[in-house]
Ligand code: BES
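Take a look at this single chain in C-alpha cells; it is the form predicted on its own.
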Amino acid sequence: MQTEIAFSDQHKGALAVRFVNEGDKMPFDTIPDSFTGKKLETFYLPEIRTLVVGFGKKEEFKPDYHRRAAGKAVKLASAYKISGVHFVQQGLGEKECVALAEGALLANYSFDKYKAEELKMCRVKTVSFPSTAKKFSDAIHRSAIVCDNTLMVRDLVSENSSVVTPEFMEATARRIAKRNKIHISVLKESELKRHGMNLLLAVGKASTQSPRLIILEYNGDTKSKDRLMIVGKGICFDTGGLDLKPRDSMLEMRMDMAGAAAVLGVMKSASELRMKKNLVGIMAVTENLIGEKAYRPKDIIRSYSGKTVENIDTDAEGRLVLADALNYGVKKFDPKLVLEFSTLTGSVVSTFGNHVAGMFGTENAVEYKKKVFEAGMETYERVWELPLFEEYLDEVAGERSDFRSLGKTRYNGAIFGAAFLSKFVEEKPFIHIDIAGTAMIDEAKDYMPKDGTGFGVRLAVEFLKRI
C-alpha cells in the first residue's frame, strides 16, 4: 500500500504528534508529572488522540530522534487502527520533515504476507504535515521514493529462499529494468564458462539453478563518461556447502542476498530520482547448497582475473562470487569507484552487532570513504572503518595458489575478507561494506522491522548525492 503524504492544518481523525524537550512545560495539563520528556519517552492522550514524544535534553538531541519518534507514532496508530498520523509541530525545517517522513514510511511496514488477514499490520494510510511544510514537499517525496525501494529490499530479504531464487532475482531485476529504462544483461552458465568465471560457477555447482551475473546500467549524465560501479553479493540461500553451517547459523541464511538486493534498490532509486549519475549495478547471484556436485574444500580454482584461489572453506563463498563479479566489472566498465555491499562475515557482527556496518577501503578511496561515513551519519545507516594495512593485505597470499580464501587464524575475519576482495579491483578506488550485522535484525526497533532492514539503499543514495 502506498502511503499518502499530505500537507494540511486539519487533522481530524489522525493521530496528532507533538514533541517536547526534557524540562519543557508540557502542552497539556492532563500529562502527569512522571512524564518529563526524556529521550523518546512517550505519553498517549487517547481522549484527544495525541501522542507526545520526548526528545530529551536539547544539547543531547540527535537527528535520528525524528525518525524514531515518527516510527513510534506509526506503530501506535497501527495498534489503535488510526488511519493517519499528523505532525502538528510548526517551524520544522526541511531536514526535520524529511526525517519524520522517513521514520513514518519505514515504520509503516511488516512482512506479513503469510499471515491471516486479521493478524496483518493495520497500515497508516496518510502521513501529514502542517501546510507551512509544503515548501519541502519535493524533498519529502524524493525521500519517499527511496523509502519505498528500501521496503522492496526488505521484502526480498525477508521472503522465503524457496521463492527468492536466482531465477526470481533475475526476473525481478528484468521487471524493474524494463519499467525504469535501465539496461540489463545477464550472464548465465554458458557465458560464465566462456568468460572463465570459475569462482562464481564453483559456488553454484550444487544448485539446480544456474549462477548468474546480473548487470544493470543507468546513464543519468550523458555529458560525462565517468561511471560508478555498485556490486552486491546475492547468495539466495547459504547452507555453508560441504563445510555445513550449524543449524542455528543456517536459519536466517535467506538474507545472504541482501547485498544484491540493495544494489537493485539503489539502481531503481537512481532512475526514479533521475539522478545525474552514470551507474553500473552488478549482482552476483547463486545458491551455496550441498550435493554430489558441490565444490570442495581445499580445491584450487582459477578466477576470472586469471589468479588462482585455494578454497579453504566452502562457507566463505561470498568472497569468491564477488571476486569474479568485481574483476569482470572493473575490466569491462572501467569505473572511477567501486562500492560493494555484502553480508560477508560473522566476524563483523562480533565487532559491531547490528548497529553499524563495517567499512573498508583502499588507500586511493580516502575521500570517498569520508563521504560514505557522512552519508551514514545522515541516514543513520552508519558505517565504521576498519583498516586494510599492508600486513592484512599480505595475509591473502596463498601457498599452493596465488591467493587463499580464508586466513590462517580465526582472528580478523572481516578484515581478511575485505583484503581478499581488494585483490580483484585492479587498483581502482574500492569501498567494501560488510552488512552481515545490519541487513537482518532479530528484534524490531522503532522504524526497523524484525528480519530484513533494507540497509544500504538510503546510505548509497545519500552518498551518491554527495559526490
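Don't overthink the numbering: it's just position in the shown sequence, from 1. Quick caveat: nothing in here was measured; it's all calculated off a predicted structure.
Here the subject shifts to the form predicted in complex with the named molecule, a form of this protein not shown in this document.
Proximity of residue 286 to the named molecule in the predicted complex: non-hydrogen atoms within 4.5 Å are absent; the residue sits far from the partner.
Though the partner is left out of this view, residue 214 does not reach within 4.5 Å of the named molecule in the predicted complex, counting heavy atoms only. Though the partner is left out of this view, residue 340 does not reach within 4.5 Å of the named molecule in the predicted complex, counting heavy atoms only. At a distance threshold of 4.5 angstroms between non-hydrogen atoms, residue 406 is in contact with the named molecule in the predicted complex. Contact annotation: of the candidates 349, 273, 139, 242, the single residue with a non-hydrogen atom within 4.5 angstroms of the named molecule in the predicted complex is 349. Checking 96, 159, 378, 315 against the named molecule in the predicted complex, a heavy atom within 4.5 Å turns up for just one residue: 315. Stretch 253-261 is the contacting one of 253-261, 175-183, 332-340, 223-231, since its residues have non-hydrogen atoms within 4.5 Å of the named molecule in the predicted complex. Counting a residue when any of its non-hydrogen atoms is within 4.5 Å of the named molecule in the predicted complex, the one hit in 421-445 is 436.
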